[in-house]
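A lone chain, given as structure tokens: the form predicted alone.
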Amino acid sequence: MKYNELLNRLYVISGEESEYEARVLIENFTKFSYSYVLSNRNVELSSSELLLALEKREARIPLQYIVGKWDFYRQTYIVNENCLIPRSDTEILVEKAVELLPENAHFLDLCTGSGCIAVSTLAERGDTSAIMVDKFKETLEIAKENAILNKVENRACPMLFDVLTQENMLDDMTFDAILSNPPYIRPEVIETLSEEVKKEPYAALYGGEDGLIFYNKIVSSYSKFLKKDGFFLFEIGYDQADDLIRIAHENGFNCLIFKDYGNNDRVAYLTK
């Protein structure tokens, strides 16, 4: 298989992203650099690894899962089908955490998934420590691996429990901040998502019938774990700002909304 065939097969799946995906596959599954292949388009690329990767991509497996790692913020993360893929929209939450956390902060990351929020925050703020929570053992193992990969494992404590039902696991603990990118997508919206996104864990997408079950639970039940000047930082859906403002006010919090790079509402900052 030569470059143009690879590109054409990828174009059917990913359209304008096909050149980028070809580069990623070439650099991860062949002995050639992408620049060399562009200059030598007739070079034979076929390898069992590349062909298998291409077949997976044609089955609409996300590119990130095929490669097994992905960059987020300034760090690199192990990813597989047991965790949500880190996305650039979530970097806004990390930016705000890095900016807003007080010195020597201890924070909680609920629904940690790959651990990207906690780990990147810890990596950028060497004075901080965190507890990373997830309900799935396989997912929490990925977060632990990513803490080790990014050399913050001594400041990252993993805890296995269900955020919706087992908050008592944190009894007697307090935090300077509680961060979360919880599941927040409504079921009818999940049905409209791309085949690639549907390959990600359903539990990491489904936010209840109204998409708000985690926000309601966390704000109402976890505020007791915040220190006096503590705050919540949530990633939210582009259309959920009004809902978060309402939930905040119902629970005695103020709410400020930050936008992402696409000018969509993306992060809710709740303070007393």
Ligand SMILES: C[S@@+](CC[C@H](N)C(=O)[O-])C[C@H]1O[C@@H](n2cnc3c(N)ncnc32)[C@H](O)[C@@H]1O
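The structure presented is a predicted model; accordingly, all values stated were derived computationally and were not measured. Start at 1 and count along the sequence shown; that's the residue number.
There is another form of this protein, the form predicted together with this ligand, and it is not shown here; the text below is about that form.
Contact annotation for the candidate site: Leu84, Gly113 and Phe136 all lie close to this ligand in the predicted complex (heavy atom within 4.5 Å). Taking Met169, Leu164, Leu149, Ile190 one by one, only a single residue has any non-hydrogen atom within 4.5 Å of this ligand in the predicted complex, and it is Leu164. Here is the short version: of Leu63, Leu226, Ala204, Leu212, the single residue with a heavy atom within 4.5 Å of this ligand in the predicted complex is Ala204. Comment: 127-135 is the region of 127-135, 98-106, 169-177, 141-149 lying near this ligand in the predicted complex, near meaning a non-hydrogen atom within 4.5 Å. In the predicted complex, Pro158 stays away from this ligand, with no heavy atom inside 4.5 Å.
For the chain shown alone, Thr90 is a contact residue for this ligand in the predicted complex, at least one non-hydrogen atom being within 4.5 angstroms. Although the partner is absent from this view, Leu122 stays clear of this ligand in the predicted complex, with no non-hydrogen atom inside 4.5 angstroms. Residues of 178-213 that come within 4.5 Å of this ligand in the predicted complex, judged by any heavy atom, are Asn181, Pro182, Pro183, Ala203, Ala204 in sequence order.
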